[in-house]
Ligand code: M6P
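What follows is a single chain, given as structure tokens, in the form predicted alone.
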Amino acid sequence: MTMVPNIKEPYGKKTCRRLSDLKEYFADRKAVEDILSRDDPVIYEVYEHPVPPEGEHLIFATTVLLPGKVGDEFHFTKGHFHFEPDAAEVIIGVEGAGIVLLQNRAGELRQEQLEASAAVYSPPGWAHRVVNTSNRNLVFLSVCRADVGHDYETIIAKGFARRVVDKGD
């Protein structure tokens, strides 16, 4: 039996990412606008525990990535590099299934499966994005140094070298 603590409660900060927050990230802009004309669905929520933003502390947060697609592209997190180039991150699956895309600044790409009780290591200097390829919530815990900072702008500008889409198989 896997013992996973209830890491969504209590939390210090909750971040809710809606489609409108990720509209620049999805490839099918028409599908984004079609959905946004009717609704602004939640794509994922992050529950973060407060710690001082200093290197000797660790940030740990629970993310709940909802199932779904925009066009044929599965829901995903924004993805980010760390401002601190020597900072790694560990992503631990709690429930559901998906993929972690890992990409370094030179464009080298890897992907790892994420499921309950699996851990994925994102090495220093590698961006990471989690993709929900299942029809249920993908819940995972992430842990990294508290002083890393998140560089989302590089991902907006350059994107990931691979997108995860549903082609029926």
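Treat the numbers as computed from the prediction; the structure is a model and nothing was measured. Sequential numbering from 1, following the sequence displayed.
FYI, the form predicted in complex with the ligand isn't displayed, but the following is about it.
Colleague: Tell me the stretch among 106-114, 27-35, 50-58, 136-144 that has any heavy atom within 4.5 angstroms of the ligand in the predicted complex.
Modeller: Single hit among the candidates: 136-144.
Colleague: Closest heavy atom of K158 to the ligand in the predicted complex, within 4.5 Å or not?
Modeller: No, K158 sits far enough from the ligand in the predicted complex that none of its heavy atoms falls within 4.5 Å.
Colleague: Residue-level question: is Y44 within 4.5 Å of the ligand in the predicted complex, judged on heavy atoms?
Modeller: Yes, Y44 sits close enough to the ligand in the predicted complex that at least one of its heavy atoms falls within 4.5 Å.
Colleague: When the contact criterion is heavy atoms within 4.5 Å, does E89 count as touching the ligand in the predicted complex?
Modeller: Within the cut-off, so yes.
Colleague: Mark K14 yes when one of its heavy atoms lies within 4.5 Å of a heavy atom of the ligand in the predicted complex, and no otherwise.
Modeller: Looking in the predicted complex, residue contacts with the ligand do not include K14, since no heavy atom lies within 4.5 Å.
Colleague: What residues in 71-94 sit within 4.5 Å of the ligand in the predicted complex, counting heavy atoms only?
Modeller: Stretch hits, in order: T77, K78, G79, H80, E89.
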